[in-house]
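Presented as structure tokens, the chain that follows is alone, the form predicted alone.
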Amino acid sequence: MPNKSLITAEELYTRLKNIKVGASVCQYSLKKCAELVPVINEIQRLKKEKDAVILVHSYVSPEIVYGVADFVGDSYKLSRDAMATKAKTLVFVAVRFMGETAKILNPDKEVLVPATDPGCTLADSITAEDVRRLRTEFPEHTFVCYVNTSVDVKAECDVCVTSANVYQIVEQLKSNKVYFLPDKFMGENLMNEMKKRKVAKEILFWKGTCYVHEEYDAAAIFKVRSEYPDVKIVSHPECNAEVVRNSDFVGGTEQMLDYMRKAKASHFLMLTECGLSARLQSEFPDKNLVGSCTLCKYMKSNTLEGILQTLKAPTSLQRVHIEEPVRLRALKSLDAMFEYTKHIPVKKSAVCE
């Protein structure tokens, strides 16, 4: 009986043929798919042998998303997916801090990160030592960390948040003094949103940025609107406040994708890493994307060959190891997030207001 998990070049091409974002690296011919299939099928064979699942962030290359992924989504969703699986090995195809989050929540599972450059300008902008110093300077503030932080930073904070729940969680905090880290643009957007909601909070924030999202500016929005008057501008809260103000929708990666699936519009400009645009083109080819594509070099350092090598013989750098005292302290910030999200009403459309 043939292995149903194996894929043919024709099947892979059907999944990838509508993707037109980015350079030639994200465009696919039947010949290119035929070259990819042997590696994909070897990964599928090995992950069964190793009792592994592959969790893939939307920002990585499409051949990974549609070739070998068991779960696809943002870091929060993938970490919850990791908790639900019984597999003993988790291959987290993303960046280092996401693998760490999975390990915090799944201490008994082996977590592997195959990226050759698993950094992140945002997560790398702040250290645990920075947070300890800040807590000394601002002892009355509740420290709120974005999920895009290292395990050591999470261990020094009170509550972790995602781009999808940050507004609702900060609004619920009993403290009126909040220090948000590490993203300065999300901090500005958070401050503006609390004012809009008439929630009295003193919000301070760190100086970090995502190098992909900081590239976007309102001038690009105005240019696209002049060319496509009916365009819907969809942006991530890691963009600056002017971009957010001039967007039709703002939300985390999964929310952005959900909005664009449902919105009835002729054209869209998506202001985030282009892996999400690739997913939309593959799954909803009738949606017209306009504007340029921005790649994250860290996410795109994940390759099929790297995943295969990691499954065969992971190096010490690819294994995620966290000292138990640090893990337990970091877990408190994640548990606090889960507790707060219990009180967030579930909306029929995943819109981040």
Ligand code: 13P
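Throughout, we count residues from 1 along the sequence that is shown. Everything numeric in this text was worked out from a predicted model, so none of it was measured.
One more form of this protein exists, namely the form predicted together with the named molecule; it is left out here, but the text below deals with it.
**Q** With a 4.5 Å heavy atom cut-off, would you call Tyr146 a contact of the named molecule in the predicted complex?
**A** Because a heavy atom of Tyr146 falls inside 4.5 Å of the named molecule in the predicted complex, the answer is yes.
**Q** May I ask you to check whether Thr253 falls inside a 4.5 Å heavy atom distance of the named molecule in the predicted complex?
**A** Thr253: yes, in contact with the named molecule in the predicted complex.
**Q** Give a yes or no for Glu100: in the predicted complex, does one of its heavy atoms lie within 4.5 Å of a heavy atom belonging to the named molecule?
**A** No, Glu100 stays farther than 4.5 Å from the named molecule in the predicted complex.
**Q** How about Ser235 - does it come within 4.5 Å of the named molecule in the predicted complex, if we only consider non-hydrogen atoms?
**A** So Ser235 does not count as contacting the named molecule.
**Q** Just one of Asn189, Ser79, Ser163, Ser277 has a heavy atom within 4.5 angstroms of the named molecule in the predicted complex, so which one?
**A** Contact check passes for Ser163.
**Q** Considering Gln281, Ser75, Ser150, Asn240, which brings a non-hydrogen atom within 4.5 Å of the named molecule in the predicted complex?
**A** It is Ser75 that has a heavy atom within 4.5 Å of the partner.
**Q** For the chain seen here without its partner, which of 52-60, 283-291, 307-315, 39-47 has a heavy atom within 4.5 Å of the named molecule in the predicted complex?
**A** Looking at the partner contacts, the answer comes out as 52-60.
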